[in-house]
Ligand SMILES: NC(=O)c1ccc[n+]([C@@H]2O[C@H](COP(=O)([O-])OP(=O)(O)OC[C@H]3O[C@@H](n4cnc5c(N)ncnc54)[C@H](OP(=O)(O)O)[C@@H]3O)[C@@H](O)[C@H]2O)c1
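Encoded as structure tokens, the following chain is the form predicted on its own, with no partner shown.
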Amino acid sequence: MNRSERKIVLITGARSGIGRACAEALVAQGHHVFGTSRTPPSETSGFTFLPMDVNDTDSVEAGVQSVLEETGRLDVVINNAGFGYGGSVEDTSVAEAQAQFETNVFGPMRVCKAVLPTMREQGSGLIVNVSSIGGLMGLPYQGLYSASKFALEGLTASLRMEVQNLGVNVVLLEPGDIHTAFTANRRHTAGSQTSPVYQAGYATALSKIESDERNGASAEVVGAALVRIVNLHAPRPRYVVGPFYEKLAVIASRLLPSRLFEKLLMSNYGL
């Protein structure tokens, strides 16, 4: 890869899982990658690590500024940092819902606001917001996670139209079930631990959710998809990443009658 093809890349949530796999895949292609996390990993497999908390505007701006001071430009930004709450909607407190949106929606928004002035001045740039298949269909007992990803989908679609004529591309990357530490790191709403109404249903659904994730595709599959997106001159608005049956479920959610799809989804989760 020659110097003109080498891109300066910033990836949030690069400590492990999808973010780390994306960072390593892009490093292998010869790109200059900066990965972020609130706490540093023990080693970074060839990319530069920066501390950044996407929940903190000052932290985001400082991290972006440090990249620009070192490189003078920023070509690709991947908003990957995020987490998931499990539990019924009724058993989710407003504070828990706010925390979910703070990281999964306002975090990417902070990063976008921090990098867009530079990308607009360059007249070029690519922003990839990592959503989820859960942002395309409501998932039982993952209501606030799905809601946050639905919100990210809408924000991304709007932003894409706003900056197209400024030379900036904005893309959604929508993974299905991926085998990462996301499963072990899932937070459970306080109410879900004691709910007499939803506890049994949550346990049944959670067992299926975690089994699907443990048996899901490797994070490297998402990294490979990201490499393809970065190499495209005009990427599509969205890319679903996962096995055929998950891509089929996305299509089915759009084509089947709503009640039929809902019954199929509930049956999949044992409800």
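Numbering starts at 1 and runs along the sequence shown. These numbers were taken from a predicted model, which means no experiment stands behind them.
Omitted here: the form predicted together with the ligand. The next part is about that form.
Visitor: The ligand isn't shown here, but in the model of the complex which of G138, G176, G191, G86 has a heavy atom within 4.5 Å of it?
Guide: So the residue touching the ligand in the model of the complex, by this definition, is G176.
Visitor: So which of N169, S146, T118, T103 gets a non-hydrogen atom within 4.5 Å of the ligand in the model of the complex?
Guide: Among N169, S146, T118, T103, a heavy atom within 4.5 Å of the ligand in the model of the complex occurs only for T103.
Visitor: Using heavy atoms and a 4.5 Å limit, would one call S93 a contact residue for the ligand in the model of the complex?
Guide: Looking in the model of the complex, residue contacts with the ligand do not include S93, since no heavy atom lies within 4.5 Å.
Visitor: Look up in the model of the complex whether S124 has a non-hydrogen atom within 4.5 angstroms of the ligand, and give yes or no.
Guide: S124 lies outside the contact set for the ligand.
Visitor: Would S37 sit within 4.5 Å of the ligand in the model of the complex, counting heavy atoms only?
Guide: Although the ligand is absent here, S37 would touch it in the model of the complex, with heavy atoms inside 4.5 Å.
Visitor: May I ask you to state whether V54 is within 4.5 Å of the ligand in the model of the complex, using heavy atom distances?
Guide: Yes.
Visitor: Thinking of R15, S131 and T180 as the candidate spot, does the ligand come within 4.5 Å of a heavy atom on all of them in the model of the complex?
Guide: All of them do, each having a heavy atom within 4.5 Å of the partner.
Visitor: Want to guess which of 24 to 32, 198 to 206, 54 to 62, 224 to 232 is within 4.5 Å of the ligand in the model of the complex, heavy atoms only?
Guide: Going through the listed ranges, the match is 54 to 62.
Visitor: Using a 4.5 Å heavy atom cutoff, which residues in 182 to 219 contact the ligand in the model of the complex? It's fine if the answer is none.
Guide: Sequence-ordered list: F182, N185, E213.
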